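Next up is one chain by itself, shown in structure tokens, the form predicted on its own.
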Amino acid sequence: MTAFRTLDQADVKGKRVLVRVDLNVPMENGRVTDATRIERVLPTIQEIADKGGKVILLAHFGRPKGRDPKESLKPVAEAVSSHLGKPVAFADDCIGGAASQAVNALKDGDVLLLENTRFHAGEEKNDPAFVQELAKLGDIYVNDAFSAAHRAHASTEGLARALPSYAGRTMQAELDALTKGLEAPKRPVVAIVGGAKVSTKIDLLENLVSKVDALVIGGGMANTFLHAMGLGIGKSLAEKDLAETAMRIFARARETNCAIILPVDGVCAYEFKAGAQNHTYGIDAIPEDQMILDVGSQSVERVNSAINDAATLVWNGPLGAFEIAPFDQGTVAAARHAAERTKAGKLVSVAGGGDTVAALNHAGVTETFSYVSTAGGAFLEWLEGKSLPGVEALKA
């Protein structure tokens, strides 16, 4: 992506390279339970170390209010070392004497992880004095944490303006994928947006109807649109007070010539539990005492047909309550169809958001999609058309 400085333009040999990474990984009993985020940043760490740079990792962990041993990155340093296959030193602070001493001890190619940046209030405040303390430790700044790029924090935005700054390989891949997804996509573009609530995705929906050729709305949020159209949705989850918002999105879609695709049938049950007795009804015949928990087979056919017409697919949110069988079938069927089209070279598929990643993992297609973003909030804000401070600061 030419608008951003990347490692291709950086001379790291013999330099102290401050690398912002996302190591906010799930932990249980002091052990990392999902190393996806660690694995994503290994190529950048390895490349800088191989080129003779001194790698100094910056990261946050949790939401501590001041120093808290339970939110220390020390156990994460061991996990990074294990995945990297080489020692990773640890400093018990990210500024001051402890950090300086650890940085000064580094030889070319060494790797060091500094303690949780959020132990200092200056991190989230993007305090210039805190930025300067961090900047003293490095000669070059590399941001490889797209998932934190929507925050204007000291280690994500402030440092990028204080030192020569570059996008790491994961950040670069993310920005390239997102450009292919919406900024300069191959058309037609279809977006699938699911999840429980319209209220959390109003900005997203309003941005997408002006950018895509067709918008598939699924999950609980589809019920709000069906209700706004005057259809009975039984006991289904819906935000009935947002009917006007739904109608506004319909109107905007008509103006921009964006087709909105809603479910035509729904898998219904009396209760939301594994293996619950269920039945599929047409969307105009939902029983008053049941709830829609997944899209039906006719709806899946419509979604798959839209995917067949698309050159680019952007996906955020499941089509049904995929966490519990049998209400995962609609999401799994559509995800596998998109994966097949991608594998055949007929589709560029970009997906992201926590539930979406979990749903694609569940369907076993994460590796087949063109790009799956592990960033939650940053991916969503990008889809909403908002500029991300951590990305803006890297522009050439």
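Predicted model only: the values in this text are computed from it and were never measured. The first residue of the shown sequence is 1; numbering continues from there.
FYI, the form predicted in complex with a small molecule isn't displayed, but the following is about it.
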May I ask you to state whether residue 292 is within 4.5 Å of the small molecule in the model of the complex, using heavy atom distances? yes
Can you tell me if residue 328 lies within 4.5 angstroms of the small molecule in the model of the complex, counting non-hydrogen atoms only? no
At the 4.5 Å heavy atom threshold, is residue 321 in contact with the small molecule in the model of the complex? yes
Residue contact check: residue 311 to the small molecule in the model of the complex, 4.5 Å heavy atom: no
Where does the small molecule sit in the model of the complex: which of 174 to 182, 311 to 319, 132 to 140, 90 to 98, heavy atoms within 4.5 Å? 311 to 319
Are all three residues 195, 219 and 223 in contact with the small molecule in the model of the complex, where contact means a non-hydrogen atom within 4.5 Å? yes
The unique member of 260, 247, 237, 264 whose heavy atoms fall within 4.5 Å of the small molecule in the model of the complex: 237
